[in-house]
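One chain is shown next in structure tokens, namely the form predicted alone.
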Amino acid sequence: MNTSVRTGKSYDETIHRNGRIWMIAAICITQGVPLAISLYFGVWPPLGKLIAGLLPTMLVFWPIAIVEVLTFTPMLGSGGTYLGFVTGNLSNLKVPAAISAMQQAGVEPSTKEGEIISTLAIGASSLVTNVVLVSGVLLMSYLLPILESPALKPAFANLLPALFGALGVVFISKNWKISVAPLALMIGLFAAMPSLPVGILIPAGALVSIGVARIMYKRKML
């Protein structure tokens, strides 16, 4: 029997309760390992050097994390969001898997059906990822010479652009008018300042996309 039925709670309440528990558990585990090592060996990093090392990382990844939550949550739903952020690797794997599964099932994001399909797809991709990682670790000595061969290096270097290019074509084809402004902005920014961090590019693209879409909607251009 479903957990929400047994406890008398709704699906959303159950998802949020379990999701928060696992998020807190994941934070405790990831932070607990270095803490346990420091406690056991009595070795602590100097506070000044720790802050100096963390600050550049925080400036880059904290804005990305906030933007990812705001961007991915409407697409993945509550269950998919909790599961995706606990297991990680959202942009490269979980989001494409969820979007592809919803398209194959003929359901839309931000619906109950879409959330269920998204959660199942992310769960399946997490299990497959673990199987692949374990297999890769066990077979690494045999696979490394093949993966580092000159013939395969160009393919691995272009894997991420190919993945997001394919996803981009799907969304752009649905309404190409909305994509013109953010694409022009991203191309212009990257051409002018190719060293800009992703933490700036993603919010800029999202804000321009929302703003232009709203203007076009008010002018009945969509």
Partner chain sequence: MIDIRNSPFLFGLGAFVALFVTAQSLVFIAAAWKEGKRLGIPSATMRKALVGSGTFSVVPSIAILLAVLTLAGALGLPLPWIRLSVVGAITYELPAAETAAQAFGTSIKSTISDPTVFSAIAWAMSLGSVFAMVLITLFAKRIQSGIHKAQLKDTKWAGLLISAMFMGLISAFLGSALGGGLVSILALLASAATMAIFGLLIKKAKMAKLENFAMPVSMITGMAVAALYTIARNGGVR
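Rigid core (definition): largest C-alpha set, two forms, superposition within 1.5 Å. In this text the structure is predicted, and so the values were computed from the model without any measurement. Positions refer to the first chain, counted from 1.
The same protein also exists as the form predicted together with the partner chain; that form is not shown, yet it is the one meant from here on.
Inset, instruction - May I ask you to check whether residue 148 falls inside a 4.5 Å heavy atom distance of the partner chain in the predicted bound form? - result: So residue 148 counts as contacting the partner chain.
Legend entry - 4.5 Å heavy atom contact, residue 192 to the partner chain in the predicted bound form: No, residue 192 is distant from the partner.
Legend entry - Per-residue C-alpha change between this form and the one not shown, residue 26, threshold 2 Å, rigid core fit: No, the C-alpha position differs by under 2 Å between this form and the one not shown.
Inset, instruction - Indicate whether residue 128 shows a C-alpha shift of 2 Å or more between this form and the one not shown, with the rigid core used for the fit. - result: Not so; residue 128 is displaced by less than 2 Å.
Inset, instruction - Could you check whether the CA atom of residue 69 moves 2 Å or more between this form and the one not shown, using the rigid core for the fit? - result: Comparing forms between this form and the one not shown, the residue 69 CA shifts below 2 Å.
Inset, instruction - Since the C-alpha distance between residue 126 and residue 147 changes by 3 Å or more in the predicted bound form, give its direction relative to the shown form: closer or farther. - result: The answer is farther, because the C-alphas of residue 126 and residue 147 separate from each other in the predicted bound form by 3 Å or more.
Legend entry - residue 157 and residue 69, C-alpha gap in the predicted bound form relative to this structure (3 Å or more): Relative to the displayed form, residue 69 and residue 157 move farther apart in the predicted bound form - a change of at least 3 Å between their C-alphas.
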